[in-house]
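Next up is one chain by itself, shown in structure tokens, the form predicted on its own.
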Amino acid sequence: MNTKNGYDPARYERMNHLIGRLTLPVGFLLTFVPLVILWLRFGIGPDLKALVQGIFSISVLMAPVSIVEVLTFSAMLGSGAMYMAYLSGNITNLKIPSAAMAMDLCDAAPATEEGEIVSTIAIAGSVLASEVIIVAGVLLLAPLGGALSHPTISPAFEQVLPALFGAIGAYYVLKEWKVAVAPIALAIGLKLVGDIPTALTIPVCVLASVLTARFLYTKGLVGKGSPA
């Protein structure tokens, strides 16, 4: 057991799970507090039948994506970063890019002690930064709301997420372009087939990425010592 400088990996992991298992349920329950206040104080509440139908329809779509996200991101981020990411939200569009770039800049590999610590620090920093931006956004929303909803500007906001993932994706594709060929081709093929739900395309493309990377690695085509 490595306890150098007072660091005990086993104790660190236990504390991560202890704090995470306490804070996630508390955070989940706190999200309902504003709704309960509106219901009890002002009598504002959704139709029960519509509420159940909405929860069911969203859950059917999001459950497969959520399972794939947990299986995919946990190996990359580690326990502490995962708990913080799911507690604060904006996982794919903010937390994952922050952790990925931080580990790359620090030359820390995922699924290692160093990678987990770096990803945890990066996500903690992104939480603080995003809270400042959210507060500023709320304060500026009223005076700028009309301008931001102008038909000339509003289409640009639809491209924020594609631009973010495009920039990050291009960076990693250039590092190991061979791994990206199969999943990108599959994603394009699925898009051409028809309007397939994201809940199906994401797991399929993730599986294709894993299998492709595994195949290329066993053949010595990617990884250390692979030909360019």
Partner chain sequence: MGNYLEYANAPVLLTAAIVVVAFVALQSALFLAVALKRGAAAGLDRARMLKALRTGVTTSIIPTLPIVMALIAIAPVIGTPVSWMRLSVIGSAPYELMAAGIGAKTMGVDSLGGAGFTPTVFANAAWIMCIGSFWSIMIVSIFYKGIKKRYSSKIQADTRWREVMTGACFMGVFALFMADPITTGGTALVTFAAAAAAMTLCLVLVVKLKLDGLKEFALTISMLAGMAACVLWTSLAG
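Positions refer to the first chain, counted from 1. For clarity, every value in this text was computed on a predicted model and none was experimentally measured. Heads up, when I say rigid core I mean the largest set of C-alphas that superpose within 1.5 Å between the two forms.
What follows is about the form predicted in complex with its partner chain, which we do not show.
Participant: With a cut-off of 4.5 Å between heavy atoms, is R11 one of the residues that contacts its partner chain in the model of the complex?
Facilitator: Result yes; R11 sits at the interface with its partner chain in the model of the complex.
Participant: Just checking whether H17 would be counted as a contact of its partner chain in the model of the complex - the rule being heavy atoms within 4.5 angstroms.
Facilitator: Close contact exists here: in the model of the complex, H17 approaches its partner chain to within 4.5 Å, heavy atoms only.
Participant: R214 near its partner chain in the model of the complex, any heavy atom under 4.5 Å?
Facilitator: Yes, R214 lies within 4.5 Å of its partner chain in the model of the complex.
Participant: Even though its partner chain is not shown here, does K219 get within 4.5 Å of it in the model of the complex, heavy atoms only?
Facilitator: Contact check for K219: no, nothing within 4.5 Å of its partner chain in the model of the complex.
Participant: Using a 4.5 Å cut-off on heavy atoms, which residues of 18-47 contact its partner chain in the model of the complex?
Facilitator: Sequence-ordered list: I19, G20, R21, T23, L24, P25, V26, G27, F28, L30, T31, F32, V33, P34, L35, V36, I37, L38, W39, R41, F42, I44, G45, P46, D47.
Participant: Taking the rigid core as reference, does M76 move its C-alpha 2 Å or further between this form and the one not shown?
Facilitator: Comparing the forms between this form and the one not shown, which are aligned on their rigid core, M76 does shift its C-alpha by 2 Å or more.
Participant: When the rigid core is used for the superposition, does V132 move between this form and the one not shown (threshold: C-alpha shift of 2 Å or more)?
Facilitator: After core superposition, the C-alpha of V132 moves less than 2 Å between this form and the one not shown.
Participant: Quick check: A156 between this form and the one not shown - does its CA shift reach 2 Å or more after fitting the rigid core?
Facilitator: Yes, shifts by 2 Å or more.
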